[in-house]
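Before any questions on binding or motion, here is one chain by itself as structure tokens, the form predicted on its own.
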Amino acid sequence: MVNWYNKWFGTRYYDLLYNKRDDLEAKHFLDTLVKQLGLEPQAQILDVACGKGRHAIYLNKLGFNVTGIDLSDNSIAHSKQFENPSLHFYVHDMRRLFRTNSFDLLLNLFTSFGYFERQHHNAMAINAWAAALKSGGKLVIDFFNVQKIAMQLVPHQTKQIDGIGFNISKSFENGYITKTIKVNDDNIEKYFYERVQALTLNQFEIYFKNAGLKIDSIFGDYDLNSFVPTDSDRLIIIAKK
């Protein structure tokens, strides 16, 4: 069975739908995060679920040794054109151990987690991340704030991008936030899905504790302001091994 993320990520429709991602905002977030973490020059960074590498590429330009991993063959094929001696990309499932005691920092950004059908797969992934970190290394996960998402969920919207129609439906049920995307491309309809577990801070705390990680800080946006459950756009957690 092909999971929704295998079918959806790496398609041109995914790229079109999310083409308004703010690169300046992403760079500002990474600059702020690097300053917050006090990373040493040449620090080893692992970007998990790196997509087409926009975060990894920028961090490499800041002088860090960066490795990006992602399940999408298409995304990694695209990313590889940017490789250099201190920037590498690999196709890899986050639930499997990549390397042991190798990284000063591990990043999982832009709600690139909670895709799995089974809860224990979340634990598998975070245990693998913990094992990849050096002693004293840090993990940063950037997830959406479930409480605010649930309160402000827009059940239906349509978009027209480069002549392609997107009809999007969203729902919140059974512990998942589900998005159904109907694409109309030259009168040919295609369907894609996103289904993300509505994970709370308490659930992440359990995963981290069981993986031997201790939470250092919790933030609610890309300026690293305090997390407010009813108001914050993001849930950004920094944990230490």
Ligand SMILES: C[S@@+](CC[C@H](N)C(=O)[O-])C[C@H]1O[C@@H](n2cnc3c(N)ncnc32)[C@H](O)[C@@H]1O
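Start at 1 and count along the sequence shown; that's the residue number. What you are looking at is a predicted structure, and each value in this text was computed from that prediction instead of being measured.
Not pictured, yet referred to below: the form predicted in complex with this ligand.
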Partner-facing stretch of 67-75, 165-173, 148-156, 133-141, counted where any non-hydrogen atom is within 4.5 angstroms of this ligand in the predicted complex
67-75
C50, D93 and T111: each with a heavy atom within 4.5 Å of this ligand in the predicted complex?
yes
Determine whether any heavy atom of F82 comes within 4.5 Å of a heavy atom of this ligand in the predicted complex, and answer yes or no.
no
Heavy atom to heavy atom, is F9 within 4.5 Å of this ligand in the predicted complex?
yes
So, in the predicted complex, is Y14 in contact with this ligand at a 4.5 angstroms heavy atom limit?
yes
Does this ligand come within 4.5 Å of any heavy atom of Y115 in the predicted complex?
yes
